[in-house]
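In structure tokens, the next block holds one chain alone, the form predicted alone.
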């Protein structure tokens, strides 16, 4: 079977869509290697003639940027990077793990109840700004404010509705008969789900894991209101790169943004085959 050739009009439209999609990435990468004098140059400098790695060095050596006559930043990004890694990985594992068994429970043992999925999703019907303050009060009373345990708890609570709903659709697309066949062979319900259901929807699990990790990795509102001095994350650290003398340090912000993209791109590359399988899993019907 030969692939159809794109029409000229469709090729132009796709090229424009690709350019618009990738332009922010291009601009962030270019800003990350620009010297301070080029950050706000007018007219804008698209590709720096004298690229530098000083912005990346400043992330971990706050005084490095002084080589260009710009005041140093207040702290390195090491704490924020490790904070994002720790909180995002643990919260993603908890969200996907709990969401997986919630999805199986709703789909296979929901007894016809249609309210449970809607009640779970209702947790995301309110904007983060509306529910952040009550969480701050509660966490302050139980000693979870400004702690990674509190941050992980709220990350998990915020993404659990998405993981449950995404995984629910993958479980629904899996024929119930394959689990029943495993139980006829002598396996318990739990073992049937562990050895049959989960392996067969692993593409969906990988896709959900990547999506939830992206949400946790880029979350800003909760990490801002729950962190003071003990914890920090990359989105919060980005907002702190403002000095009284030099204003916003766009190059340093761009360098941290480039660094933040690396784990997402690496995850997407490593599980690309599972992603394709997960995205097309809905084609399997009972």
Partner chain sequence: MQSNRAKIDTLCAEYDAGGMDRRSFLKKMGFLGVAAVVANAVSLSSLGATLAFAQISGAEERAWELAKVAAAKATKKTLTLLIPTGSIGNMTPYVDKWKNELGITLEFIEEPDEVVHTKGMQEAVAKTGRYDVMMPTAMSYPDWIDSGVIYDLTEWTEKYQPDLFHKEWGVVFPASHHAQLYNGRVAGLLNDGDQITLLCRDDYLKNPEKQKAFADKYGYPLAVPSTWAEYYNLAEFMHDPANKFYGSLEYRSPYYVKWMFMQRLVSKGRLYFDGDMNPTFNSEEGVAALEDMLKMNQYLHPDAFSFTWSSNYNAFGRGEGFMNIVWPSGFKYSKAPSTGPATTGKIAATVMPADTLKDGTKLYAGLFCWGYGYAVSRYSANPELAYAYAQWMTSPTIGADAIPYLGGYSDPYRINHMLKPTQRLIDTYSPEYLQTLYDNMVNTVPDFCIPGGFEYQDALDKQVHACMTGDKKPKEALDDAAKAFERITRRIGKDKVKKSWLALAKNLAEPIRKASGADKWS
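What you see is a predicted model, and the numbers here were worked out from it, not measured in a lab. Positions refer to the first chain, counted from 1.
Absent from the display: the form predicted together with its partner chain. The rest refers to it.
Trainee: In the predicted complex, which of the listed residues (74, 147, 122, 169) lies with a heavy atom within 4.5 Å of its partner chain?
Mentor: When its partner chain is considered in the predicted complex, the option within 4.5 Å is 74.
Trainee: Where does its partner chain sit in the predicted complex: which of 129-137, 151-159, 185-193, 93-101, heavy atoms within 4.5 Å?
Mentor: It is 129-137 that comes within 4.5 Å of the partner.
Trainee: Given that the partner is absent here, does residue 227 sit within 4.5 Å of its partner chain in the predicted complex, heavy atoms only?
Mentor: Contact with its partner chain, yes.
Trainee: Can you tell me whether residue 49 touches its partner chain? I mean in the predicted complex, with a 4.5 angstroms heavy atom cut-off.
Mentor: No, residue 49 stays farther than 4.5 Å from its partner chain in the predicted complex.
Trainee: Classify residue 250 as contacting or not contacting its partner chain in the predicted complex by the rule of any non-hydrogen atom within 4.5 angstroms, answering yes or no.
Mentor: Answer yes; at least one heavy atom of residue 250 falls within 4.5 Å of its partner chain in the predicted complex.
Trainee: Is residue 218 one of the residues lying within 4.5 Å of its partner chain in the predicted complex, judged by heavy atom distances?
Mentor: Contact with its partner chain, no.
Trainee: Go through 18-45 residue by residue and record those having a heavy atom within 4.5 Å of its partner chain in the predicted complex; state none if no residue qualifies.
Mentor: If the 4.5 Å heavy-atom criterion is applied to its partner chain in the predicted complex, 18-45 yields 40, 41, 42, 43.
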